[in-house]
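A single chain comes next, written as structure tokens; it is the form predicted alone.
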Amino acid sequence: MGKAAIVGVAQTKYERRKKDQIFADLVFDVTREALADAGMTIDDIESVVTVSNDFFDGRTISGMAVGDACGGQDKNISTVSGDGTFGAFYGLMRVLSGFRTTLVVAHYKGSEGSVPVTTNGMFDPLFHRLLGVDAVSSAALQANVYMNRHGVTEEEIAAVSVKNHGNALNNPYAQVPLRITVADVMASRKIADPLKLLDCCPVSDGAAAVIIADEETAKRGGRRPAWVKGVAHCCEDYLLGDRDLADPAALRAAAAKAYAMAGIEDPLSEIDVMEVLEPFSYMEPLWLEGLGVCRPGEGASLVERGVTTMDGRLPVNPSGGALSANPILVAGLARLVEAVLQVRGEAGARQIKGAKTALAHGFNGPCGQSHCVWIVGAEG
């Protein structure tokens, strides 16, 4: 197999409600912008992958609603019902198997449905859905397990929210940029113990797109490509009771495979910036432990020690992350878009100086049931 690179990216501004745009409008906009970013036309695209979910869109075969908006007519087109990093993974496989180019586009409008109702559908239909468990309440269970096992305090978790909302002030696409303190987070309304309002992501509308190309196409394009250095995904058990919620085993396995592919032995020293999907504040330190940045239980102290801040040894979520905008399905692809911008040196006020290697992460399912890890670099 040859090399592949991401040659075009685009994302909308994320908002609580985009009342003047339907799904197709969002998809059309980011498709057009990604093509312009890559210096391509739709005729240069050989394959299309859309990312959507029937539950979230409120219709069956939801990908059909956006197939024409992303230029899928007379092209090999398919849909991934999951986080955008997994859609991009499928798009990468298509390029590595023979297509010269693949467009991957994800959309989501949280404003047009009930997130508790739809995320309740993730759980076992016979035993767990009737309990009313959803993305937030299951995350609270995981937060309690993690914090109790390692003695992590609510204040340490709140510091992640302070950091990421503050980083979002530099991101024109972010939905909730805020100057807040740990005291502000602690005083915000309790949602599900121990999670408070400012520990949780907002409901968001938005879309994102990437164009993946083979080596020959990437090298002759006008824009500097972000080369795919390593990528992997892994999945854990379906039932929460069958998993150790404080040990992200699937993430650890996916990261190990991606690092091996990219030739990375010490992520803390060899990766310049990470974009990690963290709809809840406790997830960032837990995922960093799974990514091998630190040992179990040490992730929560990284903000206080200055390791993951914008000027730290390993900046994490300089975009503001999912805490500042979380269009489900799109959020992971947005992490990949941000990683590409970083290694291209085009992230604006949120740019990490000298960033050459970046990690992007996304996950599916309650409490991170499955994870996808990408390593992209400025050099092929």
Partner chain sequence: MTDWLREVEPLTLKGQIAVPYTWWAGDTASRFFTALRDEGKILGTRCPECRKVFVPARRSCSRCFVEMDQWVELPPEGVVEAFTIVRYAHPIQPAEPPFAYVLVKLDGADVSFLHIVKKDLQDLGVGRRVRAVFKEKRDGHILDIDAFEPVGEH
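Positions refer to the first chain, counted from 1. What you see is a predicted model, and the numbers here were worked out from it, not measured in a lab.
From this point on, the text means the form predicted in complex with its partner chain, which you will not see here.
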| property | result |
| --- | --- |
| Contact of Asp134 with its partner chain in the model of the complex (heavy atom, 4.5 Å) | yes |
| Contact flag, Asn144 vs its partner chain in the model of the complex, heavy atom cut 4.5 Å | yes |
| Proximity of Asp184 to its partner chain in the model of the complex, heavy atoms at 4.5 Å | no |
| Non-hydrogen atom contact Glu265 with its partner chain in the model of the complex at 4.5 angstroms | no |
| Residue stretch of 301 to 309, 125 to 133, 157 to 165, 285 to 293 approaching its partner chain in the model of the complex, non-hydrogen atom distance within 4.5 Å | 125 to 133 |
| Triple contact flag Ala140, Asp242 and Leu245 to its partner chain in the model of the complex, non-hydrogen atom at 4.5 angstroms | yes |
| Answer option from Leu178, Val152, Leu198, Ala192, heavy atom within 4.5 Å of its partner chain in the model of the complex | Ala192 |
| Neighbours of its partner chain in the model of the complex among 3 to 27 [non-hydrogen atom within 4.5 angstroms] | Arg17, Lys19, Asp20 |
